[in-house]
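Listed next as structure tokens: two forms of one protein chain, kept apart as structure 1 and structure 2.
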Structure 1
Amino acid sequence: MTDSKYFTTTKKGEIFELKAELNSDKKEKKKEAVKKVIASMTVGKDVSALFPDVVNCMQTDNLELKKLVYLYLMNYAKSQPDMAIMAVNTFVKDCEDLNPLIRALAVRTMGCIRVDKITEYLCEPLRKCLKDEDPYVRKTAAVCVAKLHDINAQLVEDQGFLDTLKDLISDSNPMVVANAVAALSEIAESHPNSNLLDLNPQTINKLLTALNECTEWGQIFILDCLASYLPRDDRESQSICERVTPRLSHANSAVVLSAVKVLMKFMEMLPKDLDYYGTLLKKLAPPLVTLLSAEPELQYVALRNINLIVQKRPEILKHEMKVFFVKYNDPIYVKLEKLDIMIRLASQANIAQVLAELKEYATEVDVDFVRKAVRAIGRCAIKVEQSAERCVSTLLDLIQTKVNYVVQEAIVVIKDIFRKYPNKYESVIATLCENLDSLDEPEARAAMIWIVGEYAERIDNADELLESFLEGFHDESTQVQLQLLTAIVKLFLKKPTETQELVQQVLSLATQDSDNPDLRDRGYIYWRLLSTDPVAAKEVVLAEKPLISEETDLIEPTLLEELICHIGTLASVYHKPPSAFVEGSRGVQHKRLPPRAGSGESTESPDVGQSGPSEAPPAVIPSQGDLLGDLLNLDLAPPTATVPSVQPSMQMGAMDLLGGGLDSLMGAGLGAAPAAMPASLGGAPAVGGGLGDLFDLGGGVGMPTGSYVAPKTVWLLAMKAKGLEISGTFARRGGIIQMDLSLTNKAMSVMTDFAIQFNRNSFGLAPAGPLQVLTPLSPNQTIDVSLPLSTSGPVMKMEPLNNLQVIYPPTK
């Protein structure tokens, strides 16, 4: 009989039977029974009732049986803390065993049992094991300190285990060093400010020595730890790089990626005119390419990282385009990532090859992949001017295939091509119009409408085309509605005589029949513009649009810097900072690249670490991710007042504090709202101060105290919040952002226990202290509070960007 029999489910009296078997005198029978218990545990059955019987089997000479019992203990001790104490004696005894394997096993298992009473007993054996003569025991004990810290951090500190752990970094055995480094790194992560790892040139030297000798996993721990060190000068940085480069030839991809991380980071400190800098750049390319011959899952991780590396240092892989060509049987996730990198690497030198490839891909089966390939062709056209014509004709070919999603995708990118090369490829419009009926996706419809509006004077039946869209106006998505509104206004300004009726119709649809504030506001602006001064309207609406620039989808520079510091990790796979997906205090610190110690680079601003990469960031279509950086640096004219727009769909108590407004400011470059809003705001120069000042971090401390503070506006109506009305504004006093609130109790009863919570927002705003409302708020009383804010909270981009949600639970 084989062990698989334990997985077969049996009848009802199973637990009872097992109990009997566990207490049997026969060793074999006992062992069989424990195996059955573990199998049941694995498939999710609750066998915790057998706790005392299983623990009774612990005292045994049979190592296999002992390990099984330990496994059981680790699973159930937490639910049976009192009985778990029964096991302590055996553990303590095992920690004294002659056999190092058993000593290690005991200390390893004990650390996994998260019961306070057991933890107390763990300290003495652990202290002994940390100083054990056998390296196997020491390396296990090192990890056990991290386990214990996870259960009871205070205890670890009080017992002085951290110092012992630090001493292990100088251990003679490389594996002990590696595990000590891993444990210390983990503990240090939960104490962001403690100088626990205390890396200095001496310890670094020890780590680099151990790096040559330890297992592949140990090398990863050490390299990841090294990456958090900040060398003192470029010479130290170079010498570390020199000792890390051999790792690039390791068979383990994780070792390679971690080495790449260290090099990418420390390279920042090397002067660019140094010979070694160039050598290092050259050395980085081959191992990155080699990662692509690993198993597909690792290829995926590598490609996500290469995507970052290519954005940070395009020169490394610029000659390696071919290796990113998609293979027919690559898994889809590898294909999509390769495509992304191909576009980033596309240049005049290789564009012919790239286009030929993309054309092949556009005929494949997977819909997502084909779409992305079509989009990539458009992006090539925008990026490499010489290829634009060929790209357009390729896109036309693809439109001829009449495959629905290909056509739609092609139209979306052709719109962008028009934005980049106006008045050049209008001959294709006729072909596009033929496919009008097949468009069913909002993005494609919006793009088509934009094209019709933009080139209305050259399309004879533009009014008919737009009118046909108008019929189902209410069923369209906002994107399409906005675009249709703008397009018809454009058409009207170009051909005023025939289209008066049409424009009336769309303006009334937008302003009277729509719930959408964006649409309504835009409608009103057009309406007023047209009715007060048609000439000005023409200047505004038909103004020449700024050209879009080549790179899209770039990661915002500060985030990119942070992600480079996380090469190889999940953050680099998600392209998100760890704080976005890790709970608790762990990993919330933002990592930064070291400031560039540049000789011969006078052009660089000294605050590179703060404001982005040293190379001037390319202008980007502010489509999605890049507004944040701008907002923090630019002194924009702010909206005149923070417009409250409490949407009816909002949950009670959650409000849209700064809603509206800012997106129109940014509208200048948005494809969706060309030229409409900004001009209107430009006409009425706003009062300085307000939001722009609030976030003008550079000029922080010296701000005069009497700076402009917008008047309080009502944020939350009493009827929506069980009688609590809140009005407020933001102010900046002494360099601190404050939220001034007036709370009014409009209910019948007294309110107490106020608390406030900020949802994640674009600026990382969070309360710097608790909300201090001293008195209970009696009916009809109003009090003013000022809540200091900090910008150290979790950042998440909001739509619109200045949307700030505050949960304000009035608990009575």
Structure 2
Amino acid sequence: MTDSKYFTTTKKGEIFELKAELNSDKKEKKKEAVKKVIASMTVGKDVSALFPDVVNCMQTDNLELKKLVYLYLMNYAKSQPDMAIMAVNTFVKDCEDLNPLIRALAVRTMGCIRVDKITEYLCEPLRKCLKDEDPYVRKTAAVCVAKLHDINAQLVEDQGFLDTLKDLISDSNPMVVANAVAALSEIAESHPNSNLLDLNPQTINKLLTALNECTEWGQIFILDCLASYLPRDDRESQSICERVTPRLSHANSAVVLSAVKVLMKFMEMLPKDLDYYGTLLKKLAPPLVTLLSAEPELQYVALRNINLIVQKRPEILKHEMKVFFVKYNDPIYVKLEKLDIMIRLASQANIAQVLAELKEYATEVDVDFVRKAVRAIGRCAIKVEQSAERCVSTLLDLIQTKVNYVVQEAIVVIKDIFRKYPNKYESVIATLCENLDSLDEPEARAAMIWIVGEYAERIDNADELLESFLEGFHDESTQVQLQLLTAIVKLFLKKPTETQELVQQVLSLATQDSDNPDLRDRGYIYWRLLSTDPVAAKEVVLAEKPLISEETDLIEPTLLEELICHIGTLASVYHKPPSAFVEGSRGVQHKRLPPRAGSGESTESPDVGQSGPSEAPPAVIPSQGDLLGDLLNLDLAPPTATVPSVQPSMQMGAMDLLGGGLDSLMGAGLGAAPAAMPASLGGAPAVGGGLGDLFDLGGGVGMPTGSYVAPKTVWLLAMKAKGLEISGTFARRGGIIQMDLSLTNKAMSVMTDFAIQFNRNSFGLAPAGPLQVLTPLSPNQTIDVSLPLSTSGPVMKMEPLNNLQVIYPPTK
């Protein structure tokens, strides 16, 4: 008879009967009673009243009975801590038993009983087990240290268990090594700065030796530990890769992904011209392909990881396109992931078979999958320029099917193709317009409106088409309303005489009848542009648009590097760093790939004072606030002012763009507004070094008498300050910081009554006296002025640190 009899419905008075049976002299009856207790506990019945009677059963040589009693102890020790102390003596005794299985069972149970009162009693038995002659006991004790550390970290450190755990990495038994690595890794996660896993070439060699003989989970622990090691050079990196590569053929998918993670990290250090690099790329493909023959759930996890690998190194799977073709019985989540990877691998060499496959998918019955397939065709056109014409032709064939959702998706992607290849495929617009009435989804309607507005000069009845959308303006979604407003303004600028009434109607609807602030604000901006300067409006609204990028959904490079370091974990499935979804007090370390071979990057922090040419700063898209200020000022050109060049020891941040934005934004409503001038602090590197010396905060000790003065640069453009152009630099004379200014009047009238004000800044800089401009500033005249500064002003940390905002109130 099976053990299922113990789970039958219990009857009244059973606790009393069990109590009697537990105290029976017959071993078999006692074992049966403990089984009944465990069965009751499993189904959720409270049998804690039997705690003393069950603990008394610990004194037995029967291994099966001892396991059952320990199971009961682990479950109820927390609710009965005082009673649990009764079991301490038995634990100590069992840790010295002749049978290694009993010794290991005792130490495992000790780690699972999370009661503070008895942890200190368990230290001595644990210490003995960590040095036990039997490897099974040692490997169990290693995991127990991690569990005990979770309960009382200070106790584990005081007792020296962490040092013993580190010694176990050199153990002769591979399973002991694997468990020691697992325990240290677990502890290191909760203490990111502890440096417990102090890896060196000798330790790495021991781990690689143990790797071949471990169980599959032991191999995963060791591989994950290897992934956190930074090799000294490419030779060591290659050596580790050679010894890890055999793990790619393991039957367990988790071992394969952990090995892939190690190889992906260490490949960064291998020169690309190395023969072994090419060999390694070829070896990585087969195991990844094999993962796709598993059950759907494992396939999905593998595909999410492959998605990351393909973004980092598409050459690994560039010849394996066919394995990502969708099967009819694939679940939808596997289909969509395969589709995404197909697009990432698409190239001129395989685009023909990819397009044929995608066209087939577009006739499937699954609506979501069909939509993705149609979008994928558009992404192929954008990614592989040579295939664009074939893609457009395929999309037109799909539009002819007249299947509503296919037509709508096709129109959305054709809009993107127009953006990528302007003035190339506009001949299809007539076909698109035929399907105007069938569009009912906001995104498709917005795309069609954009096409009509953008190419209004090529569409004879563009005004009628847009007017048909305008009839139900208030019923449209915000996306469609915004697109319709812009399209009609474009149409008006292209055909002003025919569409004046239409543009007035849409501006009235957007500004007077709408509650949406985005729509209302855009309407007011267009209204102001059109009423004040139609030429400027044309330059703004009909400006040439930048081409859209090939891949719009690529993961940001820094995040991708971190996710590659987490291959085989939840982070690689979510495509989010662990810090985004792991909560709690445990610190989450941000990992990154090692520096590339030949990149010249150093793993140590660079010397700040190092000389050499600095790289040009990357172009940054201006923030929305700056764009708004420029738009209201009818000036979309970026500021041409340059910041003073500085030495590497004084790295300066980006210029504060408040000047132009504030002047233009406020100038509309107020006759005159202050113009904020950003000024970067440039100067010679001090002999004493540091920012403090630059501003003489240390009393000027060590300063050279003839300090270098950076040349003046334009700090404020005339167009931003009503005709006043200001150039300047900083200098120190006689131990006093001076701001040297050149004021140029580019307006038509005389300027007088100059004043200056400093905002709070990181260094407490403030004028030491008023700005002395002795004569009126005539048109086209330039005056040089020197303003002494003090460092006793109000201090506020700025971002960046050297940002200084200076206000010039309006002049007369």
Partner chain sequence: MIGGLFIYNHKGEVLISRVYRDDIGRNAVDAFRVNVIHARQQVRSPVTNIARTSFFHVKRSNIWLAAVTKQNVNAAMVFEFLYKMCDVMTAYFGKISEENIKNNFVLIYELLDEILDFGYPQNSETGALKTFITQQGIKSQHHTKEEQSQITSQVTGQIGWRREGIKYRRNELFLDVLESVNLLMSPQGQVLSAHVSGRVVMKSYLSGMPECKFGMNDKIVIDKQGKGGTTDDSGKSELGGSGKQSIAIDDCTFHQCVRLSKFDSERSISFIPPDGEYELMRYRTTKDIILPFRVIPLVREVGRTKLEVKVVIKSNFKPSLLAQKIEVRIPTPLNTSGVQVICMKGKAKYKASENAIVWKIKRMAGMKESQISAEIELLPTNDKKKWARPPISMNFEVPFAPSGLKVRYLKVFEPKLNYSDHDVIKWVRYIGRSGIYETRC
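Because the structure is predicted, anything quoted here is derived from the model rather than measured. Residue numbering: sequential along structure 1, first residue numbered 1. Each form is matched to the other, and the largest set of C-alpha atoms that superpose within 1.5 Å is called the rigid core.
Legend: structure 2 corresponds to the form predicted alone, while structure 1 does not.
Relative to the superposed core, S438 undergoes a Cα shift of 2 Å or more between structure 1 and structure 2. Relative to the superposed core, R247 undergoes a C-alpha shift smaller than 2 Å between structure 1 and structure 2.
Once both forms are fitted on their core, a CA shift of 2 Å or more is seen for I113 between structure 1 and structure 2. After superposition on the rigid core, the Cα atom of Y72 is displaced by 4.6 Å between structure 1 and structure 2.
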